[in-house]
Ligand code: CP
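In structure tokens, the next block holds one chain alone, the form predicted alone.
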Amino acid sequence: MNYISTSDFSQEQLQEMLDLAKQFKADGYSDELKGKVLTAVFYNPSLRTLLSFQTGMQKLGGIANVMQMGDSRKLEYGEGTVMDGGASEHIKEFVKVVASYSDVIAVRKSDFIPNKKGHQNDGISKEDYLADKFFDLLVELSDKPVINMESNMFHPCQSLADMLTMQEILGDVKKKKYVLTWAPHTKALPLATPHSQMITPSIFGMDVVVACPPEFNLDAGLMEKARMAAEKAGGSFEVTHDQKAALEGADIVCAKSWMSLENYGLSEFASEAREKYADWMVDDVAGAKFMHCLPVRRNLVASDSVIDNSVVIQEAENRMWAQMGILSYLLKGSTMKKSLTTTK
């Protein structure tokens, strides 16, 4: 079993991970993964994801290895390729060797977005970007569970921690109004986090509203998947281009910047959008709880007053507890009766 997107799981399965997370948070420590090894592979910089997985695995009594790939560890992915270029190792050997040393593999790999106007072939194409083929390869090649720590399309660890936070704040989240709003930024940021932050609340039957300028709609297929999940769970899903109307009556406001699919590959559009939609900065949530995955650019994404009265630190801490729930679920099995050995 792998953890690539929350859409691969039922509400009941995700709730089991959340219940484990709550148990771990209450007890503080468990040795149930003693002797188990997590290898976390990072292609992209990380603060919260790296520290939360590393610390969480140790709190479970296990071992956490961290690999920083960077530019010095290039892998070849092609089939039948003559490897006479910069890559000295093929992904086939890489994944199988790492799996042989590990009980679970976690990977963060989010591709850079092409940024030369009129020269999209200088970077990854939109079609390839949206396909997330790298994670398909990981799952195919690994005989150990694979956890997605952020791909091009999904950040399921973040959205599970968000749900843990919302359940702590709201109790039963069904039919509570959750607003995911676009916010301005200096860069064209990836789609992964908002995609998962849209899907997971839908699975739990919240009334989900995605608020964004017209050019910043998320992936159409995933929005439809979120709508179907919300309706199945007794909630609702809608997209609006009116942020002010969306925020009315919200229980949770979650802000995130993301790139424009309509203007994919045009870096100039990010700065243009920052000026055009500067008024989308969140400066008032009218009694709702404000969430953000961090890092957050103050007074660009949200105002000081909104951030200083938010739950972003609780949300960030919950990354660790939620990921401990994921690790336990994958490695110990969902049907096992867990007797946690704790040290207070």
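Residue positions are given as counts along the sequence shown, with the first one as 1. Predicted model, so just to flag it, every value in this text is computed and none were measured.
Keep in mind that the form predicted together with phosphoric acid mono(formamide)ester (CP) is missing from the display, and what follows is about it.
Please name which of the stretches 292-300, 60-68, 277-285, 22-30 has residues with heavy atoms lying within 4.5 Å of phosphoric acid mono(formamide)ester (CP) in the predicted bound form.
Residues of 292-300 come within 4.5 Å of the partner.
Would you classify residue 54 as touching phosphoric acid mono(formamide)ester (CP) in the predicted bound form, given a 4.5 Å non-hydrogen atom cut-off?
Residue 54 lies outside the contact set for phosphoric acid mono(formamide)ester (CP).
Residue 45 versus phosphoric acid mono(formamide)ester (CP), in the predicted bound form: is there a non-hydrogen atom within 4.5 Å?
Contact check for residue 45: yes, within 4.5 Å of phosphoric acid mono(formamide)ester (CP) in the predicted bound form.
Does phosphoric acid mono(formamide)ester (CP) come within 4.5 Å of any heavy atom of residue 310 in the predicted bound form?
Result no; residue 310 lies far from phosphoric acid mono(formamide)ester (CP) in the predicted bound form.
Should residue 49 be counted as a contact of phosphoric acid mono(formamide)ester (CP) in the predicted bound form, where contact means heavy atoms within 4.5 Å?
Output for residue 49 is yes: heavy atoms within 4.5 Å of phosphoric acid mono(formamide)ester (CP).
Judged by heavy atoms and a 4.5 Å cut-off, are 108, 158 and 319 together in contact with phosphoric acid mono(formamide)ester (CP) in the predicted bound form?
Yes, because 108, 158 and 319 each have a heavy atom that approaches phosphoric acid mono(formamide)ester (CP) to within 4.5 Å in the predicted bound form.
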